[in-house]
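The form predicted alone is given below as one chain in structure tokens.
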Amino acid sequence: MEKIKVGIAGYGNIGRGVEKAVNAAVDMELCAFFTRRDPAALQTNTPNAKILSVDDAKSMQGELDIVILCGGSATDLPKQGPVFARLFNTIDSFDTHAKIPDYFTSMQDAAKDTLSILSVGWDPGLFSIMRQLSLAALPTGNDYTFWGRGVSQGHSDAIRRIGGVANAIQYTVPVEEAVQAVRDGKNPTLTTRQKHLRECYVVAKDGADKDRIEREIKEMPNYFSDYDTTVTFVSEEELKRCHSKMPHGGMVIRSGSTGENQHVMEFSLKLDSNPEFTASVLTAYARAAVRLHQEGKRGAMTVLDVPLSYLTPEDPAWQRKNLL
């Protein structure tokens, strides 16, 4: 069996997770890394793979079946995505929900001869599939999505940008009463504050005004002002000891009815490592993208467009025997 030749663009948390997932896949070969850093200074765990500047990506055109884009959604992917999509089939985890339609358009315009599957991961991604599936099964009903308990990298970074903050980690936590009301089929109308809590663990710099820091966190618009937020000041040692991992998870629940009968559908995740799990999903969809491109598919797609049978190395006969 000829292996799928994979490239990775970006070597942060997700990029390192993708490296593990690709090297563990029986049908894939990791051939190249693309980085914005000095390629000579990048140390990876795959010694046989080339390390190139993103500016030299074109030199690998025709040698890779897929490039998995591991940059961030805020600034990396909007720029890098279309550039790579003109050269390679791509997968990415663009996760700014409100901007997905515009990003889809830019990738569709770029991927004239290639295929790009975007917004792959668990939300958007697997949660999106479950929202679509539960809507189809229960057209009369309500959707609820809860995130956590888990580390929010964006919110943690927002705290670290406050003056006087040396380091910080923020957890998103579902409100248990709200989750239980949904599971009980009560179909509650929930505000943002009623659905999630924010837990902040902050290392303050020597002499910093902790009261001011706490006030700035709790009053920060778009991040904390709409939530019940707790701020706990800890030492750098305690933060590293107790909050160094990157767990996450959540659940999608749909509560609906068929005639006089009530039903609840639920899909949940509990993740020790958010980036490694996201990387595993990206790798599965990379396999699907290559197969779809071989069948003549071009342009942009999302997880809602991809047959589930394309995600694993097993052939359809094995899947029918073991998964149905």
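Numbering starts at 1 and runs along the sequence shown. Owing to the predicted nature of the structure, the values given are computational and were not obtained by experimental measurement.
Keep in mind that the form predicted in complex with a further copy of the same chain is missing from the display, and what follows is about it.
- The partner is absent here, but in the predicted complex a heavy atom of 271, alone among 52, 60, 42, 271, sits within 4.5 Å of a further copy of the same chain.
- Across the options 52 to 60, 258 to 266, 32 to 40, 66 to 74, residues that bring heavy atoms within 4.5 Å of a further copy of the same chain in the predicted complex belong to 258 to 266.
- For the candidate spot formed by 280, 307 and 319, every residue has a non-hydrogen atom within 4.5 angstroms of a further copy of the same chain in the predicted complex.
- The closest non-hydrogen atom of residue 242 lies beyond 4.5 Å of a further copy of the same chain in the predicted complex.
- Although the partner is absent from this view, residue 166 stays clear of a further copy of the same chain in the predicted complex, with no non-hydrogen atom inside 4.5 angstroms.
- Among heavy atoms of residue 1, none comes within 4.5 Å of a further copy of the same chain in the predicted complex.
- Contact between residue 115 and a further copy of the same chain in the predicted complex is not found at the 4.5 Å heavy atom cutoff.
- Of the residues in 126 to 148, those that come within 4.5 Å of a further copy of the same chain in the predicted complex through at least one heavy atom are, in sequence order, 126, 128, 129, 130, 131, 132, 133, 135, 136, 137, 138, 139.
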